[in-house]
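The form predicted alone is given below as one chain in structure tokens.
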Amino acid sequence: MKQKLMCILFIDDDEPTNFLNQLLVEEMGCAHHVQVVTSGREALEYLTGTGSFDNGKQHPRPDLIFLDINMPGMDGWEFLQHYQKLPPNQKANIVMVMLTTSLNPDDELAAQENVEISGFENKPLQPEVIQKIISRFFPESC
């Protein structure tokens, strides 16, 4: 029997997109927990259990992160700079996929060159894209 991912984390400032992505993943039934954050800073707090996530509760470590590039405050590239400095136990085995509306070919090239990024997909997220990513990186799941 295939197992669900423990957690999928969406990092995107677009609330309607987050709503649809969360609904899609929940309908697919491929994760026990779906976490949505609207900024790179909030994502770092989630991953490190600090800030608004320093509440004594255990937050499941994501197996898969979908990261938007263009966000105010801290964009996806800045998030990656901070993410790369996290201790190995806070980022071990996390698959990260850029999910963006960017049509700039330089963004895709930069994503391909970043060791933390495992994929580059365009919005809106589709069920077949999620299934492709899960099949590729988590063959024992969903």
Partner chain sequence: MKDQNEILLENEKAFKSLFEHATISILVTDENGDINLVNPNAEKLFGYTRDELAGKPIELLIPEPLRDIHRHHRQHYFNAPKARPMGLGKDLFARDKNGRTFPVEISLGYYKLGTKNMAVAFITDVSERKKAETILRASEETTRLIMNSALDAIICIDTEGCITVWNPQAEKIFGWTEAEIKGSRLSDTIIPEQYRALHEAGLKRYLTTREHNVINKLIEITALNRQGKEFPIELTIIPMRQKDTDFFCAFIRDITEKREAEVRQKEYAEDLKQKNIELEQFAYVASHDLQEPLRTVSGFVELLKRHYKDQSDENVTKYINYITDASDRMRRLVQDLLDYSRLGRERILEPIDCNHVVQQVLNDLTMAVQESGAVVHIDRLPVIAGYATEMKQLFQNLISNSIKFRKPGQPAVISISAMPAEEYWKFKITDNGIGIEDKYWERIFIIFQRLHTKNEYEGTGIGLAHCKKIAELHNGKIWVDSTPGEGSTFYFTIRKRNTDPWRA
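This is a predicted model, so every value here is computed, not measured. Residue numbers count along the first chain shown, from 1.
Below, we turn to the form predicted together with the partner chain, even though it does not appear here.
Can you tell me if His82 lies within 4.5 angstroms of the partner chain in the predicted complex, counting non-hydrogen atoms only? Heavy-atom contact with the partner chain at 4.5 Å: present for His82.
- Task: Flag Glu128 as yes or no: does it have a non-hydrogen atom within 4.5 angstroms of any non-hydrogen atom of the partner chain in the predicted complex?
- Result: No, Glu128 sits far enough from the partner chain in the predicted complex that none of its heavy atoms falls within 4.5 Å.
- Message: Within 4.5 Å, heavy atoms only: does Met28 come near the partner chain in the predicted complex?
- Response: The answer is no: Met28 has no heavy atom within 4.5 Å of the partner chain.
Just to confirm, Ala110 within 4.5 Å of the partner chain in the predicted complex by heavy atoms?
-> So Ala110 does not count as contacting the partner chain.
ask   = If we take heavy atoms and a 4.5 Å cut-off, which stretch out of 113 to 121, 28 to 36, 74 to 82, 50 to 58 is in contact with the partner chain in the predicted complex?
value = Partner-contacting stretch among the options: 74 to 82.
- [ ] Pull the contact list for 13 to 28: residues with a heavy atom within 4.5 Å of the partner chain in the predicted complex, in sequence order.
- [x] Stretch hits, in order: Asp13, Asp14, Glu15, Pro16, Phe19, Leu23.
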